[in-house]
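The chain that follows stands alone, in the form predicted on its own, written as structure tokens.
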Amino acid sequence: MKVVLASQSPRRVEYLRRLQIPFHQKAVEADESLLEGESPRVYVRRVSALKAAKAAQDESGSPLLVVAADTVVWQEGEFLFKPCNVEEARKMLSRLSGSSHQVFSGITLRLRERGRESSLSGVAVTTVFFSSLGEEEIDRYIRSGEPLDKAGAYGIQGLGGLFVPKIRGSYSNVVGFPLELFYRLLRRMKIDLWSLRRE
């Protein structure tokens, strides 16, 4: 079965490699505009499904499995996407300091087999607790460059992990690819993870 990862995220690439699943990586263009009144749960499910559908449309042949994901940070009724610049990153980190927030990740699997297509989506949610940060800590972290390509302006798998004393839920979800959810969706689609792996 050909596996396509519809993502440019190096973290998702790393997780699939750890699972020893051979795959092709594909960058897809999907409309990620936020719809009015959309909740984070609905948003990540919808965007991951759009990415999966687009990637499948661009691929021919069968059997095919497309894996797509989307991750956002949510705090007190607002989305915290990737910061556009240093000042926005500073505002986000100041806001996260000494409080908690939620990370939502949507995964969609799209399967093409024997001329038929099916898809299944799921959402993982993790609560992340942040230490109180001083201005100098925030500035030095921003100078590392890490916050500028991360939702919420931090990466828990890197230096950002220094500021996270605890989480409630899946760690891999905060990184951007909830492994437990991925495995659960595979099983629901009756896809054997072990047969996908390169032994």
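Just count from 1 along the sequence shown to find any residue number. Everything quoted here is computed from the prediction, not taken from an experiment.
Below, we refer to the form predicted together with a further copy of the same chain, which is not included among the displayed structures.
- A heavy atom within 4.5 Å of a further copy of the same chain in the model of the complex is found for exactly one of Val42, Leu148, Val164, Leu34: Val164.
- Although the partner is absent here, Met1 sits far enough away that none of its heavy atoms falls within 4.5 Å of a further copy of the same chain in the model of the complex.
- Residue contact check for Arg197: one or more of its heavy atoms lie within 4.5 Å of a further copy of the same chain in the model of the complex.
- Contact between Glu59 and a further copy of the same chain in the model of the complex is not found at the 4.5 Å heavy atom cutoff.
- Within this chain, Pro63 is remote from the site of a further copy of the same chain in the model of the complex, having no heavy atom within 4.5 Å.
- In short, of 50-58, 23-31, 66-74, 152-160 it is 152-160 that has heavy atoms within 4.5 Å of a further copy of the same chain in the model of the complex.
- Of the residues in 166-188, those that come within 4.5 Å of a further copy of the same chain in the model of the complex through at least one heavy atom are, in sequence order, Lys166, Ile167, Arg168, Gly169, Ser170, Tyr171, Leu179, Glu180, Tyr183, Arg187.
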